Structures are given as structure tokens and as C-alpha cells.
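Coming up is one lone chain in C-alpha cells, specifically the form predicted on its own.
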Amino acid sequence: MTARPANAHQARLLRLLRDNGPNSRAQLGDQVDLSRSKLAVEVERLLETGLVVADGLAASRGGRRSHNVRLAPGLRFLGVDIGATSVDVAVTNAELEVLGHLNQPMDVREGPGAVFEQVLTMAAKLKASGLAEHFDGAGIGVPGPVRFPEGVPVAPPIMPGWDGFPVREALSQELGCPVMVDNDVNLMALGEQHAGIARTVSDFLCVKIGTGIGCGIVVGGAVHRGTTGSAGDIGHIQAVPEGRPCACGNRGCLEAYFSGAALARDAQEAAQQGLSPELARRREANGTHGTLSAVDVAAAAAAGDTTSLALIREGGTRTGQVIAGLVSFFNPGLVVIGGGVTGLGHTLLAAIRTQVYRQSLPLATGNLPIVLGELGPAAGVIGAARLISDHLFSPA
């Protein structure tokens, strides 16, 4: 993809076609502030660029039938969601429909070289399957703060070796297309906004609970990243004064008490201390290393294990305390809970809801839904594709 919209009107038309699918010129005219003649000019210019193609006649609205237009069906975006322990890679069309999606375990602590080798292998596999001849752009999510204009991770607590690494530049050279980089939870928020539970909400919080905890903040329909890209790093809000040491160097952070890693550690201790025969059994079944994960805690809780249920409720309560402060401050229209730990399901959600509704003012919570995300692992890759399409569907 070499063409870009020449002005804001063309950019608006491209985004409408992306978000709503094929549309008639008449319907597009209802949604943009352009005269019929000016709209016709801008659509014709987009047709000339190849970004938009004709798509037959629209249904009659009385009188002369309008022509449909749609985004070029050959456009392909690559969405990459790099988590702490796995990588998701997907290819989408111009409307951000996922055409193919791969997931692979991967430890982000192995460094950018090893992670990107895996990403490029997965992208090549998607190409080889016939889903894409090329990529017109790629969006990349990483589990740490990002200096957004440059596409560079900044002092990420759980990503040794990534600080200052030129992710955007390196992957752009390897993939041969434009690349945009953002924090993974911001991309989850974009994904839920585009195709998930937040489609109709312009001000919301998207809390990702995985190996760590982060929060995507969407204000007026746009992600708020902050001055240096660290907005929403709620895992390092203090939950317990002078509490447990955290990977960031401080003490008592929320992430040190409730995240995938913290939950696994607490479950391990409970099993070793004989507090949970169910967790001990699962620990033994996991082989010589004898480790437990959040998945084991979720399964034990589903089997009625009281210790696992208590760990989930306690973690949900601590998380709810932090979210309650955010709700009082920001007054969102929706709170979305996503990430790997959402396998803990409604026990976790109930604990978070209870704390937020108890602690925040009724004016802020009276009509506030607190819900699980709809898209699961697809949220990050759809958000990544949305990120790069937002960039490419902006005037050059």
C-alpha cells in the first residue's frame, strides 16, 4: 500500500468504510459534511488511488440508485500482540476481519531478537497459507510502556533487553511495510472498541490482567497514552503500603499481589503448606518442575477448591480497590476486564464489581457496567490492525 488519503475528508471516508463495510455514496453522504459534488470528487480520487473499489449498485432509496464502494479487497494488515509468555499474530482484511490467527508460547524475556524471529516465522506461515501476498502495514503490541511517536519501549519492568529497542524501525525493515507500535493493553482497548463489547462507548477503561496488570484509557473515542506513554500502568499503583517487593523496584504494587505471576506464586505456597489438596494434586500432576499457573487456580476453583476461590476473591478485591479510584477520577461509561487471568471468570468479576460499587460514589457507578471482554486473544491483534489502519487512513 503506497497511497494515502490526501485530506481529512478522504481519511474520514476510508475509516467509515473500514468500520461499517461497503456503503453507497448516498449513505456516505449522510455521514460526512460534504456537498454531493464534493463527495463525488473525493470518492473518485480514492477510486483512482486503488484504496477503494466500486462494489455494484446499492439498494434503491427512491429515485436513481446509488453505487456502492468498498475498501480494496486485497488490502492486508498484520496484527502482532506480544505478551509476557506468548505471541499472537493475525492477518486481517481492510475491514479488520481476522482471516488467520496463530498463537505461540514465547517468553518476552528472551529479548527482541528471539521474539521477532518467532513473529516473522509466524507471519511467513500466514503468507504461505495464501491469506496474504504482502502486508500493507503492521501493528505491534508489547507488554510495557512505549514512546509512541518513535515506536520504542521505555524502561519496561518485565522486558529485560527491550529498553530503547527500535521495534518499529526493525520490523518495518523486515516486513517491508509501515509499522506502528503501542502498549498491548491499549491495543486490547482498540480491539474491544472496534469489534467487541465497547463498540458503542466513547469513554471507557480496559483493564488487562495477565502476567502483569495494565489499563487502556479511551477518552472521546481515542486512546490516552500520556506524555511519555506510561498512562494506565495501574499494576504499579500501591495496593499495600510497604508491602511485597515488586519487579519495578517499589513495594506493595497491585501487580505484586494480583496478576498471573502473583497468583501462581500464592497458589504454589498454598500447595506447599498443605492448604489445598486440589492445588497440591495439580502441582504434582504438572511433572518434575511442580509449578502451578493461573490456569490451575481457575480449574481448582471450578472444582470447588475453597483456597483457590479465596485467592481469586482476594485478588479481585485488591484490583477492585484500584479500579474504584480510577472510576471516581475518570467517570467512565464502561469498564472492560480482559487478559489471561479472565479465565478465572465470574468469581473474579464479582469481587471486582463488589469493591468498585462499594467504594466509588453512586453517581459514578449508578449506570456503570463492569464486564468481561468479548474478544479474548483476538482483541490484541484486531487492535493492532486498527492501530496501523488508523495511521494509514490518515492524511500523509
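It should be emphasised that the depicted structure is a prediction, and the values quoted were computed from it without experimental measurement. A residue's number is simply how far along the shown sequence it sits, counting from 1.
Unshown form predicted together with a further copy of the same chain; subsequent notes refer to it.
The candidate site formed by I312, E314 and L344 is entirely out of contact with a further copy of the same chain in the predicted complex, as no residue has a non-hydrogen atom within 4.5 angstroms of it. In the predicted complex, a further copy of the same chain sits within 4.5 Å of a heavy atom of S230. Put simply, M106 is far from a further copy of the same chain in the predicted complex: not one heavy atom of it is within 4.5 Å.
Interface membership of H236, defined by any non-hydrogen atom within 4.5 Å of a further copy of the same chain in the predicted complex, is confirmed.
a further copy of the same chain is not drawn, but in the predicted complex it has no heavy atom within 4.5 Å of H67. Residues placing heavy atoms within 4.5 Å of a further copy of the same chain in the predicted complex fall in a single listed stretch, namely 362-370, out of 41-49, 362-370, 344-352, 24-32.
In terms of contact with a further copy of the same chain in the predicted complex, the residue from E174, D203, E110, E97 that brings a heavy atom within 4.5 Å is D203.
Just one of G137, G210, P145, G196 comes within 4.5 Å of a further copy of the same chain in the predicted complex, counting any heavy atom, and that one is P145. Taking a 4.5 Å heavy atom cutoff to a further copy of the same chain in the predicted complex, none of the residues in 69-86 make contact.
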